[in-house]
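Have a look below at one chain only, the form predicted on its own, in structure tokens format.
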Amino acid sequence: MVFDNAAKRRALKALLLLLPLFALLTLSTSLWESAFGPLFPRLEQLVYPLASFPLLVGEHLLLVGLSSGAAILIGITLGILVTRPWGRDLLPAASSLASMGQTFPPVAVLALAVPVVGFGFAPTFIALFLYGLLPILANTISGMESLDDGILEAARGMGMTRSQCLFRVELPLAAPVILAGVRISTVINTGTAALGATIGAGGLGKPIIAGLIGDNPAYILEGAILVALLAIIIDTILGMVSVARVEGV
């Protein structure tokens, strides 16, 4: 467990540095002006003016949280179902369905969803959900399928029912692999959610899109830096959860 403890310490130190930095950049417009003033002296407007950064961060987190939450719920549930003896016939279909979500880029999913559900939150949610489903489903299947048959036989020999085996043995042992899929999916969604601003979904993509349209690199950097920091923070937190879960196992 030496490696795990060292990894936790490094992650905690990184988090203690990143969280105050992110909060400072989110709350302080004067910091952006001080940083970008010398870099872009010809720009009249240095800070994105149409919405506050705390509001944009909240919109971004809501979009990522709901889409990733749905992907986690459906991905893990579907992964469990297709690894049951009665559900194995559905395993190829489930894998193919999830793979299709990654085959189509999010922009293409947005373009297809907008005529059906309109602009804003809904098509972005659909795109992020489909794009984030595969890593969770694939890792759930991999984690459940990699368990030693001897352990399961021992659990059944102790008189455990199938439900008890699932919740007390299979899921705890497969949890590190499943959490790795959740981590990948959530971090991907955090970055990809910026695309939702192109169809009015809000979030930290707004300054990026406004900067591209108005040829304002300051806006682009503000949105990109905050999205990158948010993705790193979420990745660090989920990494700490994964390490703690491995230690628990």
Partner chain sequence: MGNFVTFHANRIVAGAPFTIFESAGTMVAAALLLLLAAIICASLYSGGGKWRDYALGALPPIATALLIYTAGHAARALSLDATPIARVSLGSGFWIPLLLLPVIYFDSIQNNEGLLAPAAAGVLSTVAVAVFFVYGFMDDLSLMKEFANRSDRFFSELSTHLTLSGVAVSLAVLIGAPLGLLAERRERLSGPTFFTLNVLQTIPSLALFSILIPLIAALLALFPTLKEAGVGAIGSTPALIALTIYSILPVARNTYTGLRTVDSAIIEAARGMGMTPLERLLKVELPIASPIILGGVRIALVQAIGLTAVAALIGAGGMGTFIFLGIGQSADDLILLGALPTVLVALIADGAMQGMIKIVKPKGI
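No experiment lies behind these values; they were computed from the predicted model shown. Residue numbers count along the first chain shown, from 1.
Keep in mind that the form predicted together with its partner chain is not shown, yet the notes after this line are about it.
S.K.: For the chain seen here without its partner, which of 71 to 79, 142 to 150, 107 to 115, 156 to 164 has a heavy atom within 4.5 Å of its partner chain in the predicted complex?
M.R.: Answer to the contact question: 107 to 115.
S.K.: L19, L25, A231, M240: which sits within 4.5 Å of its partner chain in the predicted complex by any heavy atom?
M.R.: Flagged contact: A231.
S.K.: Considering its partner chain in the predicted complex, which of L55, A35, L66, I220 comes within 4.5 Å of it through any heavy atom?
M.R.: Flagged contact: I220.
S.K.: Find out whether any non-hydrogen atom of G205 is located within 4.5 angstroms of its partner chain in the predicted complex, and reply yes or no.
M.R.: Residue-level check for G205: yes, a contact with its partner chain.
S.K.: Using the partner position in the predicted complex, report whether A194 sits within 4.5 Å of its partner chain, counting heavy atoms only.
M.R.: Yes.
S.K.: Evaluate P172 for contact with its partner chain in the predicted complex, applying a 4.5 angstroms cut-off between non-hydrogen atoms, and reply yes or no.
M.R.: So P172 does not count as contacting its partner chain.
S.K.: I'd like to know whether T198 contacts its partner chain in the predicted complex, with contact meaning heavy atoms within 4.5 angstroms.
M.R.: Close contact exists here: in the predicted complex, T198 approaches its partner chain to within 4.5 Å, heavy atoms only.
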